[in-house]
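One chain follows as structure tokens, the form predicted on its own.
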Amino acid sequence: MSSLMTPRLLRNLLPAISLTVLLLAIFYLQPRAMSYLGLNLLLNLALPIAFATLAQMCMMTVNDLDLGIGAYVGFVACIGATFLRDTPALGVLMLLACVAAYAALGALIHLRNLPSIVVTLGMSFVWLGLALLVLPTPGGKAPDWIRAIMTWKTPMLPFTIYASVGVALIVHIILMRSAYGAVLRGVGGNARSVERAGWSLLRAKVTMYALAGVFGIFSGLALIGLTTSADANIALRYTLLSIAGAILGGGEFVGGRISPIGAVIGATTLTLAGSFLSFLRISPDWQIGAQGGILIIVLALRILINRAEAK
């Protein structure tokens, strides 16, 4: 392999290559997608999924996994479509309480050495139950300001693209370029070394869980800004999509290896995959399986690249 295209560089570029290939395939099947309106329709739900993927990525940074993020996003959506619209002050307090609950969850898991998969799975039922209490039946209405943001007609490219790029760069700077970001990633890579250096593992874990809660709020609010209403079950599939997006973007379950930019690209790729499969006239019942197939292919390529890098 040439010195310009090393295995490490190829591995880092794999998410972008996957997205590019998928976009080219979509444009080949549907040339009209190469327009402002076409891109807007293709990427309509990319931003909420990207936020949920970033939330999952925060958990993976400290070697944990959140099986309740989909139900949590649904709960936030229900709050946004009811309390945040009718009584904004109470709605904001409820959302802050959600972030505090996520932070407390991180503290509990760390202090009691509990498996995050089990705890977050249990919390998924709590979030779903709370969502049903807030909004027993589908309905409510998104606040006008959220709707205005999500339908903002930006120049040249849809708002989703600008927002996704901006969020990816901000999170990349915070986690990949800052000193404390290195500490947070170090918790997943080598927790003992981080602790010996004088950093608090508890504080780091609480920080990442709270950050996951914040991104979950952004996901829920962005979602109702697009759908205009809410439902307790509106985002249940975001749990698996967020895991797939983070992995597709270069993240790994252990070692604190993450990529904020890759996670957003992975989420966007999964969003586009649904449209691509629709253009192929594949039944919606098979689309989730086909998305899983795309993920397996990318992971297989990554394994081959990793083996080439190890030689």
Partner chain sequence: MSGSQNIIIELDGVKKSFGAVHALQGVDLTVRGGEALGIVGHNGAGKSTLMHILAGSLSPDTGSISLDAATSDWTYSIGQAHSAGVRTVFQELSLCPNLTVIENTRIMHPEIRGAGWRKRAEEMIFSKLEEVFPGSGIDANDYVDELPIAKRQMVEIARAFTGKDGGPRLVILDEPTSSLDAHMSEQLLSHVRAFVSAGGSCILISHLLNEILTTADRIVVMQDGKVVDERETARFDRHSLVEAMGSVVDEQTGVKVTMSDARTGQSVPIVSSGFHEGMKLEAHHGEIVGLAGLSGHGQTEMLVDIFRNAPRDRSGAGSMALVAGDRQVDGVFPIWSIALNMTVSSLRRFVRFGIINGDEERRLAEDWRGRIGIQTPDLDNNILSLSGGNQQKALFARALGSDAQIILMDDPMRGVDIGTKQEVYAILRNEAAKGRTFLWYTTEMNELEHCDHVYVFRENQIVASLPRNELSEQKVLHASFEGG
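Positions refer to the first chain, counted from 1. Since we're looking at a predicted model, the values are computed, not measured.
One more form of this protein should be noted, the form predicted in complex with the partner chain, which is absent from this view; the next part is about it.
>> Checking a candidate spot here: are R147, T154 and G166 all in contact with the partner chain in the predicted bound form (at least one heavy atom each within 4.5 Å)?
In response: No, the whole trio is out of contact, none within 4.5 Å by any heavy atom.
>> With the partner left out here, check for me: in the predicted bound form, does some heavy atom of R11 sit within 4.5 Å of the partner chain?
In response: Contact check for R11: yes, within 4.5 Å of the partner chain in the predicted bound form.
> Taking 4.5 angstroms as the cut-off for heavy atoms, does G189 touch the partner chain in the predicted bound form?
Replying inline: Judged by the heavy-atom cut-off of 4.5 Å, G189 is in contact with the partner chain in the predicted bound form.
>> Although the partner isn't part of this model, could you tell me whether V194 comes within 4.5 Å of the partner chain in the predicted bound form, counting any heavy atom of the residue?
In response: V194: contacts the partner chain in the predicted bound form.
> Does G256 reach the partner chain in the predicted bound form if we count a contact as any heavy atom within 4.5 Å?
Replying inline: Answer yes; at least one heavy atom of G256 falls within 4.5 Å of the partner chain in the predicted bound form.
> Considering the partner chain in the predicted bound form, which of L201, L121, A97, M176 comes within 4.5 Å of it through any heavy atom?
Replying inline: Residue within 4.5 Å of the partner: M176.
> Which one, 135-143, 177-185, 227-235, 100-108, holds residues whose non-hydrogen atoms are within 4.5 Å of the partner chain in the predicted bound form?
Replying inline: Residues of 177-185 come within 4.5 Å of the partner.
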